[in-house]
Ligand code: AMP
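One chain comes next, on its own, written as structure tokens: the form predicted alone.
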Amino acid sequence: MRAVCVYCGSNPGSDPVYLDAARALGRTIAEAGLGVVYGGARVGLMGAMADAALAAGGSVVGILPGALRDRELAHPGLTELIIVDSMHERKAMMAERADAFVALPGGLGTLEELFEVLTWAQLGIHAKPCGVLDVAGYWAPLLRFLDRSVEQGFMTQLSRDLLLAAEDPATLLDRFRAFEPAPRRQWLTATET
């Protein structure tokens, strides 16, 4: 593992614990000698995570569509800021440059990015670990929903196991290092989508 892609909100959330967790994640990734790849903003959890990684001596690459440069307020102090033409290009480049994916709390964009890389893993497009940092139980309802999807026959347990979770960054990175995906496409059944 050389770089971790972090998906997170451009808002700070309603509880300071989210900003604290974003800072802890950025710092932990940098202290582990890993680079950060993220969406390139200087605000919200995105900015807090990037600032902490930079302060800890880490390399931080931001990838931002030109149309969002003003809305998401491009971070001026990154190791590298790449401006792309579209969200599709942004997500593809983030996935290409990362060896693992983690989602902090966030909204629709964070969910969409997380589920896209999970789907790619399920389809065998990549074999990189995917996880959530479950800050103050933020992701617990989603994790229960995925368990229910298995119980109800809409997802295999092998597919469910593609999403790792931990409450602290160091534990999540340890789980990433230990991650071994099932043989390619073994988890995808003929009826699962």
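From 1 onward, residues are counted along the sequence shown. All of these numbers come straight from a predicted model, not from anything done at the bench.
Unshown form predicted in complex with the named molecule; subsequent notes refer to it.
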Partner-contacting position among 93, 73, 82, 87 - heavy atom within 4.5 Å of the named molecule in the predicted bound form
87
Can all three of 68, 108 and 112 be found with a heavy atom no more than 4.5 Å from the named molecule in the predicted bound form?
yes
I'd like to know if residue 13 sits close to the named molecule in the predicted bound form, meaning any non-hydrogen atom pair within 4.5 angstroms.
no
Tell me, yes or no, whether residue 9 is in contact with the named molecule in the predicted bound form, where a contact means a heavy atom of each within 4.5 Å.
yes
